[in-house]
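What follows is one chain in C-alpha cells, specifically the form predicted on its own.
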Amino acid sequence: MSDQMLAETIEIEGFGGDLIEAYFARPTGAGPYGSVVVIHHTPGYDEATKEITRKFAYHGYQAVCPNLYSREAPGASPDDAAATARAKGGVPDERLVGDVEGAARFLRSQPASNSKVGVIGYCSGGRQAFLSACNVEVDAAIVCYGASIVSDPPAGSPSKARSIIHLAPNVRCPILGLFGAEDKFPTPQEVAQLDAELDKYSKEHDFHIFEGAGHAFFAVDRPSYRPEVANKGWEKVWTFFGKRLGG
C-alpha cells in the first residue's frame, strides 16, 4: 500500500445547508477506500486533530474533520474559536448531527469511496460520536473518553450539553469505546452504566478501560498523553474500522 496522500482545507455542506470549513485527507490511489469523519475535541479544530485526520489517510482511509466552530469564529485561531464556542455553551446537538451527516455525505460522494463511513470523536467529540451513532447513517462509531453521555456536565460548567444515555435504543451501528481508568469525565462507573444500557438493548459494542490513563490519553501535545496506552488504543481502532469499513 502506498503511503502517498493529499490533505487540504475545503468547504462541505453542513447543517441547514451552511458551508463550513473542513480538513480533508485521503490516499492518492484509486481505492476503493473506507471513510472516517473525525470529530475534534473541545480545544477545537487544531493541529493535533489535523494530524489524526492525516493518520487515517496514511492507513488507507478517506478522512474529513469538519470545523464545528466555523460559524462561531470563522478564520479565528483554534484557541480563540474554542473560547468563543465554549462561551456560547458548545455546539448544539442538532447542528452537530447535521454537520456529521454532511461530512458523511461528502465522503460517500468521492470517486474512491466504498460507501462505508465511520465516525470517531475525542472528549466532547466522543459524546458527539455517540450522538452520531444514534442519529446518522454510519457503519461504525468510536467513542474516545466521551464526557456527558451518561451524566450532565458538572455544576458551573458553561456547556449546554446534557446526558444522552436515553438515546441508547437508537444506536444504529457497532460502537468501540476507549476509556481511561483514571478519568473523571467519564468515570469508570459511568462507562459501566453505558455498557449495561447498551447490553439492555442488545446493541453491538466493545468497551475498553485502560489502566494508567486518564482523560485525553491520545493527545500527543498534552501532559495527559500516554504513549503505551495510545498505541494499544490505535490497534483497537485499526482492527475495528478494518472489519467494519473495509477498503
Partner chain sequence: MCTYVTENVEIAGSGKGANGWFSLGEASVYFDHPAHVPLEHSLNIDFLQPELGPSARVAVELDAASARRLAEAILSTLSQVPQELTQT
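Fair warning: this is a prediction, and the values are worked out from it, not measured in the lab. Positions refer to the first chain, counted from 1.
Although it is not shown, the form predicted together with its partner chain is what the next lines describe.
S.K.: Since the chain is shown here on its own, which stretch among 156-164, 91-99, 169-177, 133-141 would lie within 4.5 Å of its partner chain in the predicted bound form, judged by heavy atoms?
M.R.: Result of the contact check: 156-164.
S.K.: Is its partner chain in the predicted bound form close enough to Val36, Ser113 and Lys243 that every residue in that trio has a heavy atom within 4.5 angstroms of it?
M.R.: Zero of three within 4.5 Å in the predicted bound form.
S.K.: Looking at the partner-bound form in the predicted bound form, is His208 within 4.5 Å of its partner chain by any heavy atom?
M.R.: Contact with its partner chain, no.
S.K.: Using a 4.5 Å heavy atom cut-off, state whether Cys123 contacts its partner chain in the predicted bound form.
M.R.: It does: once its partner chain is placed as it appears in the predicted bound form, Cys123 has a heavy atom within 4.5 Å of it.
S.K.: Would Ala147 sit within 4.5 Å of its partner chain in the predicted bound form, counting heavy atoms only?
M.R.: Contact with its partner chain, yes.
S.K.: So, in the predicted bound form, is Thr42 in contact with its partner chain at a 4.5 angstroms heavy atom limit?
M.R.: Output for Thr42 is yes: heavy atoms within 4.5 Å of its partner chain.
S.K.: What residues of 193-229, in sequence order, lie within 4.5 Å of its partner chain in the predicted bound form by heavy atom?
M.R.: Counting only heavy atoms within 4.5 Å of its partner chain in the predicted bound form, the contacting residues of 193-229 are His215, Arg222, Pro223, Ser224, Arg226.
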